[in-house]
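A single chain comes next, written as structure tokens; it is the form predicted on its own.
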Amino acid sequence: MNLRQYFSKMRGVAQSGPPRVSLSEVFWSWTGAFCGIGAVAWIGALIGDPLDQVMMIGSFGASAVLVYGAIRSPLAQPRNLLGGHMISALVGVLCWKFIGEIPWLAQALAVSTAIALMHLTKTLHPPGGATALIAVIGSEKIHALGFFYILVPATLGPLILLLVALLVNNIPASRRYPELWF
């Protein structure tokens, strides 16, 4: 492949943007995300400091987009949601514990290794990369959790999001979640 062919690949192939969704789809996506993120935040406030939500990590916002807004995507299915966060959390904690004194290396290794392991285990969930990264760059409270980070927030949060997704995504006749469990 020559240089011209290489750069021509960057133009894309689609002639138009993604299709519009119905107002009903927008409503149910909004409702699911509101209830899911609200439930994680509420439970986090019950089990910890309401002003320092260690239970709420940024990657859950991206998971909400998938499990409430792109419910048919393979990346939004329960295996991917749960497995992606759990594997990535483990990788992130290990990177922090063993090479956290070299931050750039720990960050790069956490995300890249999480992606590789999610691929190998068929649990690819893009927000998992953020879960791994947060384990490395997170606050002292995140670091103090150590391996507990894998359970709370990285497993409990997605479990809550999944429960809400099962309840809300199946209310309208036009939606069905999940497409597959495992």
Partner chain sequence: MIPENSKQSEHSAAGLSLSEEDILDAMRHIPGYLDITTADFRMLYELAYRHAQERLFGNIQASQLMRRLAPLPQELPLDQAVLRMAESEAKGLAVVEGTRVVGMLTETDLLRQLGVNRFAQLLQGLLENKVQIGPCCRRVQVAEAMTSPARVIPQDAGFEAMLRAFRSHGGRSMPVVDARGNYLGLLLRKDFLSSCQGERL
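Numbering follows the first chain given and starts at 1. A quick note: this is a predicted structure, and the numbers were derived from the prediction, not measured.
Absent from the display: the form predicted in complex with its partner chain. The rest refers to it.
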Do Leu46 and its partner chain come within 4.5 Å of each other in the predicted bound form, heavy atoms counted?
no
Could you tell me if Leu109 has a non-hydrogen atom within 4.5 Å of its partner chain in the predicted bound form?
no
Leu120 near its partner chain in the predicted bound form, any heavy atom under 4.5 Å?
no
Contact between Leu151 and its partner chain in the predicted bound form at 4.5 Å, heavy atoms?
no
Three residues, Gly83, Glu101 and Leu105; all within 4.5 Å of its partner chain in the predicted bound form via heavy atoms?
no
Looking at heavy atoms inside 4.5 Å, which stretch does its partner chain contact in the predicted bound form, given the options 151-159, 62-70, 112-120, 31-39?
62-70
What residues, if any, in 10-26 have a non-hydrogen atom within 4.5 angstroms of its partner chain in the predicted bound form?
Val13, Ala14, Gln15, Ser16, Gly17, Pro18, Pro19, Val21, Glu25
